[in-house]
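Below you will find one chain, with nothing else, as structure tokens; this is the form predicted on its own, and questions on how it binds or moves follow later.
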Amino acid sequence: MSERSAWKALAPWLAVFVLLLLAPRFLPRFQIYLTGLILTTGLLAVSLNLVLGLGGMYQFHHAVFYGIGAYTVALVITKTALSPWIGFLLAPVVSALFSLAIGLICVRLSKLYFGMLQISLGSLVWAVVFRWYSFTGGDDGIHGIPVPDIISSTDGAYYFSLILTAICLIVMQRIVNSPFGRSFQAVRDNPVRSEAVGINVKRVQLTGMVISGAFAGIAGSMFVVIEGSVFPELMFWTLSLEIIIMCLLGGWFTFLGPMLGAAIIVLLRTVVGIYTEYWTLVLGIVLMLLILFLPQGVLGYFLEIFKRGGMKAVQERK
């Protein structure tokens, strides 16, 4: 790709980033909070899609790493005398270590068996957090977490989430396009042939899990800044299911599709939740229509239309 083509492809995303930077200037406080929550949830969904869409792994309990990252920050701030920033640095590390531990057990299995075993282990972590009142606060969680002043305001929390999300997306995009990313996709498409050409399938899958878990931990640390609290529901399996739906809704074979799916889910839950508590019924109908008419996801559908338009233009030139 030439330098001109690269800038042409990058320009729309730069425009979106600049628009998001200016958002606090013209959006109300609640909408800024909501946008920050979308960025946090979107980063979580993209981190899952690293192993789900890129690696073809049935990671059914990704939320546990999200919760571990959030609790790491909360416990460092409330239980130790360390700087809160240490908690933010430890969040991806601790989540990655838990991901490594769970991955070492689960990676020996494949597909549905891998996913079911991960749900069991993730639920075990949730149960410990749910019952350990003296340390984690049990089912009450931890509230009123005092984050640093620079990110304690609504705008500060928003900019923290925006900048961290942008950095993580750039890093993940580089990982996807790296030799490791190509190997991961090869393992997804044909693990037997990948093993035959010298790729250590289990090692690649385990590495992908650790990387994905680390980014989920970062998203968890962002949640603490946005909400100022943590609770066991962050690790519950229903949230993991919701994240999978985000990936499917946006397009799990696209890089930013899960980000779009997260935006749709968060907005749907917020808007429909104003009128009825049965917003999941609406979500079920939307998901059913998606499976029937847009199996490639919303972003996947628009990318396919764009690709067809480009091919048609090329044919007309010929």
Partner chain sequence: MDFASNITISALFQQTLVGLSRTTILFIVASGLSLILGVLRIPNVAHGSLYMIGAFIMYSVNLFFGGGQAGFWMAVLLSPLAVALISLVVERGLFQYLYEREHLMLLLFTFSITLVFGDLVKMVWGSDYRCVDLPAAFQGFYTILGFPFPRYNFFLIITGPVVAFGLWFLTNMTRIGKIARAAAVDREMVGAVGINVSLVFAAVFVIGCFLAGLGGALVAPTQNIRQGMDHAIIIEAFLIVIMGGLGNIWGALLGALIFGLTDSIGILVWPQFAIVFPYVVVVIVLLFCPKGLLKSTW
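Please read these numbers as outputs of a predicted model, since none were measured by experiment. Numbering follows the first chain given and starts at 1.
Another form, the form predicted together with its partner chain, is not on view; read the next lines as being about it.
Engineer: Establish, in the predicted bound form, whether Phe236, Leu241 and Ile245 all lie within 4.5 Å of its partner chain, using non-hydrogen atoms for the distance.
Structural biologist: Yes, each of Phe236, Leu241 and Ile245 comes within 4.5 Å of its partner chain in the predicted bound form.
Engineer: Just one of 26-34, 62-70, 256-264, 281-289 has heavy atoms within 4.5 Å of its partner chain in the predicted bound form; which?
Structural biologist: In the other structure, the partner sits against 281-289.
Engineer: Just to be sure I understand the contacts: of Leu75, Leu97, Ile151, Leu121, which is the one whose heavy atoms reach within 4.5 angstroms of its partner chain in the predicted bound form?
Structural biologist: Checked against the cut-off, the match is Leu121.
Engineer: So its partner chain isn't shown here. In the predicted bound form, which residue out of His143, Lys79, Arg131, Arg203 has a non-hydrogen atom within 4.5 Å of it?
Structural biologist: The residue in contact is Arg131.
Engineer: My question is simply whether Leu52 lines the interface with its partner chain in the predicted bound form - judged by any non-hydrogen atom within 4.5 Å.
Structural biologist: Looking in the predicted bound form, residue contacts with its partner chain include Leu52, since a heavy atom lies within 4.5 Å.
Engineer: Can you tell me if Ile86 lies within 4.5 angstroms of its partner chain in the predicted bound form, counting non-hydrogen atoms only?
Structural biologist: No, Ile86 stays farther than 4.5 Å from its partner chain in the predicted bound form.
Engineer: At the 4.5 Å heavy atom threshold, is Ile163 in contact with its partner chain in the predicted bound form?
Structural biologist: So Ile163 does not count as contacting its partner chain.
Engineer: Would you classify Leu112 as touching its partner chain in the predicted bound form, given a 4.5 Å non-hydrogen atom cut-off?
Structural biologist: It does: once its partner chain is placed as it appears in the predicted bound form, Leu112 has a heavy atom within 4.5 Å of it.
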